[in-house]
Structures are given as structure tokens and as C-alpha cells.
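What follows is a single chain, given as C-alpha cells, in the form predicted alone.
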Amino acid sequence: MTSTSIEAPLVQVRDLVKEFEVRRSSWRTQATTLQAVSGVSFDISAGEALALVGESGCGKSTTARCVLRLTEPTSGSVRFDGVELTELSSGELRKARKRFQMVFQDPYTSLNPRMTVGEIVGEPLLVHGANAAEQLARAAELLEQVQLGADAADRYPHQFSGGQRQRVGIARALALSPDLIALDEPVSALDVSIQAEIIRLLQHLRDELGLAFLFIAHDLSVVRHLSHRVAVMYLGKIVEVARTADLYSRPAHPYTKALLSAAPIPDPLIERDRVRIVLTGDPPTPVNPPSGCRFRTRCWRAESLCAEVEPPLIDIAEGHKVACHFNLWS
């Protein structure tokens, strides 16, 4: 897959931070701070698919929500086509949202069960001033585009399978012809065969419409054929980012290596003989992350320096960055 030029990014995220106050019991308990996202930076070019991958709870979904301002970031900068989204008023943000949309993880709870599929898909058009006739015509067009057929417009979400409902969610996200779509684990709730169908649909839409994607996933095998670049996230921080082919062929961070070893390979001979890296223990709590490198408590290469100094995200090759004192290339 050829990487898209990143000379003029559509999205520029710099030092993004999101913290939540957590109270463990009663109102008398002093609140503690949960660091969900801790200084994340990345770019997405027009027409480029960037995958943000990591274990559950690492902050990747919160990052996507902050980028789209569905969740207000604590600090940092998010620029979309040169416009600072964190400074927009609610009215300005509403207009800007025509250009970026989101597809959610659960294709059932994200759809209103009391609305027909045609109404669901066309609702964004009504919000932005279209009339009912325009809504219905556009909905029929979009349902054809996601391979459901225009006759699906009169049915309700419960009449569709999980994969079909996710196609409805994708059609709704396309209604206003956005430039960027954030996809929050869009296939994790689906069977493997259905996952492949949705990935192929997204590939087709990306190429046909020139869409940029921010694809959130916990499984590296899911994003391999859809993304131009992959950013690996651990406990609120990006620890490695590279072009997809480079990251899969030669990962530099131990955590990336462990994730890749857990991803299934559709070849029984290779799958049987390959060595898996099993990470011991659960990820540390983001309420009290480890000093230095946050991955050091589970890393087989960690040394004393890792506890003392946080490794910066630095270039080790063109388009390849890693945050590790003793990375697999050293």
C-alpha cells in the first residue's frame, strides 16, 4: 500500500491531554486524576487512513472523541484543515462537524430503534437544513453505496443483522460528505467473516471518496489492509508509529512486537510454529502510571534507566518513530 503524502495534514493533533476526576466511594473521598490521554501527537493527511491500536483502556477511543470534540480535551491542540477546533464556539463547531463524522463500536445501540433506517441515515441532512425530499433521496443513495439497497430505508434497525446495522452507521456518517471519519472499533462486535466484508467496504469507500480515516482497534490484524500508517498506544501515550508495512515487518517497540505476536495468521503452518510473546500482568492503572516508561512493568527488556527517564518518541527511520530506550532495533 502506497503511503499518502503528509506534507499538508488534514488533521494535526499536538500534545493532546484528557484527564478525568475519579471518586472511589462517597462524596467525602478526595478525587484522584485519571490520565486517559497523556500528550498524544499525530497527523492525518487527506485521504490517509491512520490506525490507532492498543489494549482496551489505553485511551485510544478517548483520543478519537477528543479529536472530534465529542469529549472536551483537558489541554492540547487539534487543528482540522488549519482551524483550531478547541477554540470553536458551539455554533462554529456544529458547522465544522459536517466535515468529520464518527462510526461507533456497537452498531445497535448507536441507532435509534424508533426511527426507520432512511430517517437515521438522512437525519444529519435535516439538522443542517435539508428538506424531507432531499433527506429521503440522499438516504436511498447512501444505502446503495454501502450495499444495503434503497429498499432498506423503510425498515427498522432490529430487522437487520449486526453487519448490516454497521453499514447503516457508515451510511449515516457519509451523509454530509465528510473529509474525515473516525471509526471506533467498528468491527470488534462482528463475526470474523462479517469483519472482512466491512473492512472491504471501508477500503472501497476510502479509495472512491478520498476519505481520511482515524481507525481505532485493539487487534493489529484488523487494520493491516486498511491503514496507511499505524500508531500504537499504551496507557495514554503513543509508543510507536510507522507506515503499516514497516511496522508489521520490523516493529521496534517491545509492546508492538507483543501485539503482533498475538494477532492470528491465516496460515496453519506459520501459526503453529511461531513464537508468541505473552505479557505478564495487567496494564497499570492510569490513575497512578509507572514512572519513566509506562510499559516497563511488563517489558522483558526494561532496565533501571526505564524507571528513571521517560523515553521520548523519536525518529529511528523515515516515517518511523518509537519511544523506547532499548528498542528492538538497538
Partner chain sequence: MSLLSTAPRLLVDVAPRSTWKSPWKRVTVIAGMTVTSFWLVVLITLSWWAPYKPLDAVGGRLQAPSWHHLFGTDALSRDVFTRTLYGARQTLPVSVGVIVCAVTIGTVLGSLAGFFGGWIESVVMRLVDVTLAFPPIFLAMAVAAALGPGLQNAFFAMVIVWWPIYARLIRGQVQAVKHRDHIQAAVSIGATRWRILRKHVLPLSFTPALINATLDLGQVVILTATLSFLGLGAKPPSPEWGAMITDGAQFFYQWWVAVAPGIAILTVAMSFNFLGDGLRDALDVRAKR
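Positions refer to the first chain, counted from 1. Being a predicted model, the structure only gives us computed values, none of them experimental.
One more form of this protein, predicted in complex with its partner chain, exists but is not displayed; see below.
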(request) Given that the partner is absent here, state which listed stretch (112 to 120, 209 to 217, 148 to 156, 76 to 84) has heavy atoms within 4.5 Å of its partner chain in the predicted complex. (result) 112 to 120
(message) Taking a heavy atom within 4.5 Å as contact, would all three of 94, 106 and 126 count as contacting its partner chain in the predicted complex?
(response) yes
(message) So its partner chain isn't shown here. In the predicted complex, which residue out of 305, 70, 287, 31 has a non-hydrogen atom within 4.5 Å of it?
(response) 70
(message) Only one of 176, 88, 137, 130 gets a heavy atom within 4.5 Å of its partner chain in the predicted complex. Which one?
(response) 176
(message) Quick check on residue 296: any heavy atom within 4.5 Å of its partner chain in the predicted complex?
(response) no
(message) Under a 4.5 Å heavy atom criterion, is residue 172 part of the interface with its partner chain in the predicted complex?
(response) yes
(message) Can you work out whether residue 101 and its partner chain are in contact in the predicted complex, taking contact to mean some heavy atom pair no more than 4.5 Å apart?
(response) yes
